[in-house]
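Given next, in structure tokens, is a single chain: the form predicted on its own.
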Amino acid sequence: MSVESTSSTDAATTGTRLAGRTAIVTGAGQGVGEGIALRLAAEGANVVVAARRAETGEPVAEAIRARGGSGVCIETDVSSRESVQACVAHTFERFGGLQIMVHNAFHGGIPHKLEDADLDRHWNAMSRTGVWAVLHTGQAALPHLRAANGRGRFIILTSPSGVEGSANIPLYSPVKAAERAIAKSLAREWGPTGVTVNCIGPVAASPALVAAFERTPTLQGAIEARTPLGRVGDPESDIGSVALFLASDDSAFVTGQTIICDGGSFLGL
């Protein structure tokens, strides 16, 4: 199923807003993570595509290089503290610094009812790649972000469900809400060091959402009908541009916030 987009990002267009900076984007082998990686690279960042499998991550790194950018793939399991630490160490060795850490990777979001929930499949899998992975990426990146002279950025991909809840995936919502709570706490803790911490709650045409549309043919129309802008977001031009804002100097006075980027479907903040 194709999802219509009004993306206006020109793949051949490059900027310099992030020139000289390095970003790690976890889960960048597809979907929202891929879109963010491409968008940051288009503005001059060295981008590390931190993907669990090289077969998904390397094509994104190749696409960045094909556009004239700087991209490498590092196999990374965000549920493993050691794997995340190795990714950060390799990044620093390769580029000499790390100014932007974007945690997007996530495994879960499988529809379920609470009475049918399997704790390992539904809760543990989501917690390991959500809450625990936020701690792993934050701890590993902090020394480098702190050394970035006021340009350190930690960006966490959460979900509107972490704000308003969900009847279809009830265990997903508290995991995403916990990510927001950690972001607020870290914003307070790290603020004096000049590091900002923010979240993005996206609704975009990721493989998971497209699969959901295929399982439930009426879902896309229902989402578009309740969305004032009348469409599903584009990972690169819509979500990637918000990540670019949070990664750049433009957001230097923004921290502890969640930007819901869903075309106006949720208006409760």
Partner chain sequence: MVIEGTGVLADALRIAAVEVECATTVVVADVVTTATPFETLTDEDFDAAWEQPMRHAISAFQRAHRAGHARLIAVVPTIGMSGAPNLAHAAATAEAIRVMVKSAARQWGADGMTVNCIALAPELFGIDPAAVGDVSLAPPALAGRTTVVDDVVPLVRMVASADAHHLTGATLTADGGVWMTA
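Residue numbers count along the first chain shown, from 1. Keep in mind that what you see is a predicted model, and the values were worked out from it rather than measured.
Not on display, but discussed next: the form predicted in complex with the partner chain.
Heavy atoms within 4.5 Å of the partner chain in the predicted complex are found in one stretch of 195 to 203, 89 to 97, 122 to 130, 68 to 76, which is 122 to 130.
Looking at L186, you'd find a heavy atom of it within 4.5 angstroms of the partner chain in the predicted complex. For the chain shown alone, L171 is a contact residue for the partner chain in the predicted complex, at least one non-hydrogen atom being within 4.5 angstroms. With a 4.5 Å cutoff on heavy atoms, H107 does not count as touching the partner chain in the predicted complex; it lies far away. Although the partner is absent here, S83 is not a contact residue: none of its heavy atoms lies within 4.5 angstroms of the partner chain in the predicted complex. Each of K113, A117 and L142 is positioned with at least one heavy atom within 4.5 Å of the partner chain in the predicted complex.
Contacts between stretch 125 to 162 and the partner chain, counted in the predicted complex as any heavy atom lying within 4.5 Å, involve S127, V131, W132, V134, L135, H136, G138, Q139, L142, R146, S161, G162, listed in sequence order.
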